[in-house]
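Provided below as structure tokens are two forms of one protein chain, presented individually as structure 1 and structure 2.
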Structure 1
């Protein structure tokens, strides 16, 4: 019995079929979409595959499929759990404080005053400095206990000399990260403030609103989307912070400043353990998604309370 043309046609996987149907109507966008998928998703899928392998470059003869064994091993080690906690604390503190400081900067330079252009340039400068250079500058010129500017100022006022990276290691690293990312938040929020219709603010002043009420009930709700974007991008980049730790504390003293990116670096280049390092990389990706979603929803609830 002869089959019809539809019956003879090979069966396609629904996801693949839908993908090709999407590209068929967007031929000009298709090359960019395919390139983005290959560049971003192919390495991630390869990382997932490595995370399921027991593979140490020092003992390649023992390589084998390990399933979720690498993930179980990670959560049973104190070093990984400590690095996970440090990563969450550093990311949450840096993102939220950078957002608040950036909001203060944006409100400052959104008003006209003599020298506003110079002040705006100076506030943006930390974001333009290379992370390695900025971290070394803080380590050797500002927070150094012997000839750092901050300790010189404290001792000049009669205070004690402080070894910041020994006594307050995680807080010191957080200060460096906040110093670098607050200008980025300022740029996003300043763009949002300048997109706000000035007539709305003038109308609120005519109705008798104070400056604090105007900022709380008009400016902040308008900046909600900009804040969400800042939290999303800040979480993605700060969660993968590496330069500040590598140039200042190398995860020490002990494991006080060890975060997941630096632990992955040590696992690969010191222990040559590809399987466990890949598993940690997958955990970082999942943590980024969960953390950014939580902060954005938290900001949304706070903004709803102001409306």
Structure 2
């Protein structure tokens, strides 16, 4: 499921010794670390082992050790690279737009107005809805060109009928993902806004700052840390987005919405090709590792803590 200490080549030795020191010296951290290692690293080690095998569940008679053959195959197909690109686009777009929409939501309900509690409730709800139900709802009731509310609205106003999943596949999937994650961002950012001292905002207003200036120079800087946490957690979760694709386009049309999790799913459950699926899994982990390292460096302050 993740990287064991050994894969982290650059800082290998300190980390290993660090782990052991830690486990020896601290009964507070050790249980969680040991639990996570046992439960997530054992399957991951098996995944690495499987990724070196030619193994199809439906053709057990053809199984054999395959070395790095599976990895070579991956990069020879456009499919894997295409899915990689889609994953990056979908994740980046969905995380950033969720963040902006979440910020908008949060700013809306951070002010008093009649029924504020109810509106906040309405805005949070998409995050609580089971992803499978939410995705099916969007597919069948909102974006469906025959029965969907959106197309009904558009055609009632004299517009053309749009087949959203065919014409704008990745955007349609992204909308579903954003709908679900914007409330999460809102929660984080609203928390950030409410921890902002109201006196500071007020003071700026007395000094004649416009609402936009106030937001830009007072609120946004204060929210930075919350936004960083939102980006990090949002990225981790949306990278493995699966339900909204499985329930709607199944990666299509063509490979327009094929992301890595769905490609792995198809490799496991349509071709039952455990070897290639495992190799993809390992590559995903390595890439995510690189990406997350980069992201965390970018969001540096997040790691420092307790200042």
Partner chain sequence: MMPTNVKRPLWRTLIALGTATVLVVGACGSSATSPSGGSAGTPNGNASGTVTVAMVGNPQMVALQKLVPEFEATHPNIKVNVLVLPENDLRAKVTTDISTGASSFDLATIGMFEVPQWAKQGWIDEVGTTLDANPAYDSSDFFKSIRDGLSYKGKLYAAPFYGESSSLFYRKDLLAAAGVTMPDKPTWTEVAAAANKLNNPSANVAGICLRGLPGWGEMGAPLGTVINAFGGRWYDAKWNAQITSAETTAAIKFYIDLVKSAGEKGAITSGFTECETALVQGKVAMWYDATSASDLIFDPKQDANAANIGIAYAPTGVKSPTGWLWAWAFGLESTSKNKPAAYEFLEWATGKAYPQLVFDKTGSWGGAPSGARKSLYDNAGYKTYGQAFNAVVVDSLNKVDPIHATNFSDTPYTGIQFVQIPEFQDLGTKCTQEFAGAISGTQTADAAIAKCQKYAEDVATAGGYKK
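Positions refer to the first chain, counted from 1. Values in this document were obtained by computation on a predicted structure and should not be read as measured data. Think of the rigid core as the biggest set of C-alphas that the two forms share within 1.5 Å after superposition.
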Practice item. Just flag whichever of structures 1 and 2 is the form predicted on its own. Key: 1
Check your understanding: By the 2 angstroms cut-off, has the C-alpha of residue 262 moved between structure 1 and structure 2 once the rigid core is superposed?
Key -> no
Check your understanding: Aligning on the rigid core, do we see the C-alpha of residue 244 shift 2 angstroms or more between structure 1 and structure 2?
Key -> no
Review point. Do you see a C-alpha shift of 2 Å or more at residue 118 between structure 1 and structure 2, with the core held fixed?
Key: no
Study note, to complete from the structure: residue 54: Cα shift between structure 1 and structure 2 after core superposition, Å, came to 4.2
Practice item. Quote the shift of the Cα of residue 284 between structure 1 and structure 2 to one decimal place in Å, the two forms being superposed on the rigid core. Key: 2.5
